[in-house]
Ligand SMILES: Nc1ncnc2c1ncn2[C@@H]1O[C@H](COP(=O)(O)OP(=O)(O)O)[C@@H](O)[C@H]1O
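The chain below stands alone, shown as structure tokens; this is the form predicted alone.
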């Protein structure tokens, strides 16, 4: 495949796709681990691995053997499918409605989250973990603001969004944490020929340590990533009022998620805002380094999120 991606993929006719991981480290890659676990639950939203291959590093001394490296995964190829990013841009180009698709995508996301919670351990974030989560977000903000001066005027309000979450932890508030997708956006969702949403690429952010990518986290992190993706689609698709379009899609997605899960992510505004902010800060740093012309997209979100903090 010639499309830009963090790994290399080979498609065999219309039957299988072989993903070869460019970054490897000891331990099972989540893009193998999670689809295997989901397949055991009967979840049909994620293509189940057909085969995979590993490399076993030589032992180092008398201690336990190192975990094998996951080198590649063979999965069914969803012929005739289109990713959510392209579908959103196509809809924007002809001013077609995308609300139903966003709602169905939210429903699919919730189904996958529920299946992962059923297949793998779930933990509870209490005050120490919540304060650590907020502190890590604040550190990432300070680092990004040092590199991108445009963030400086909004630091106080953005830090306040993280402090709101930490303050809830100090009052005894807890949140569930589980395995999640880790890098969810419109490009990671495929609408199949049967008109069903499937989620792919469970590797997480390849630049992050494997142990971090395998750590249980609040499901809202995935939701925040998808909400940010709607903002990008509206901007790139040239909508006359991109924030209105994105807002409508965000609402439809959250409603679909709530319909399937019984929990509306908008009912936890502090947690959702903190994760959206964290994602937008990451985007600002990425765009400033790699695509300066796109910097206005996350900066628009930064201004919106900063204004939402009271």
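All values derive from a computational prediction rather than experimental measurement. Positions refer to the first chain, counted from 1.
Although it is not shown, the form predicted together with the ligand is what the next lines describe.
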Tell me the stretch among 196-204, 120-128, 154-162, 211-219 that has any heavy atom within 4.5 angstroms of the ligand in the predicted bound form. 196-204
Answer with yes or no whether residue 17 is in contact with the ligand in the predicted bound form, where contact means some heavy atom within 4.5 Å. yes
Flag residue 238 as yes or no: does it have a non-hydrogen atom within 4.5 angstroms of any non-hydrogen atom of the ligand in the predicted bound form? no
Taking the ligand as it sits in the predicted bound form, is residue 148 near enough to touch it, meaning that at least one heavy atom pair lies within 4.5 angstroms? no
Could you tell me if residue 47 has a non-hydrogen atom within 4.5 Å of the ligand in the predicted bound form? yes
Heavy atom within 4.5 Å of the ligand in the predicted bound form: which of 166, 91, 78, 108 fits that? Just give me the one. 78
Just give me the residues of 5-25, first to last, that have a heavy atom within 4.5 Å of the ligand in the predicted bound form. 5, 6, 7, 17, 19
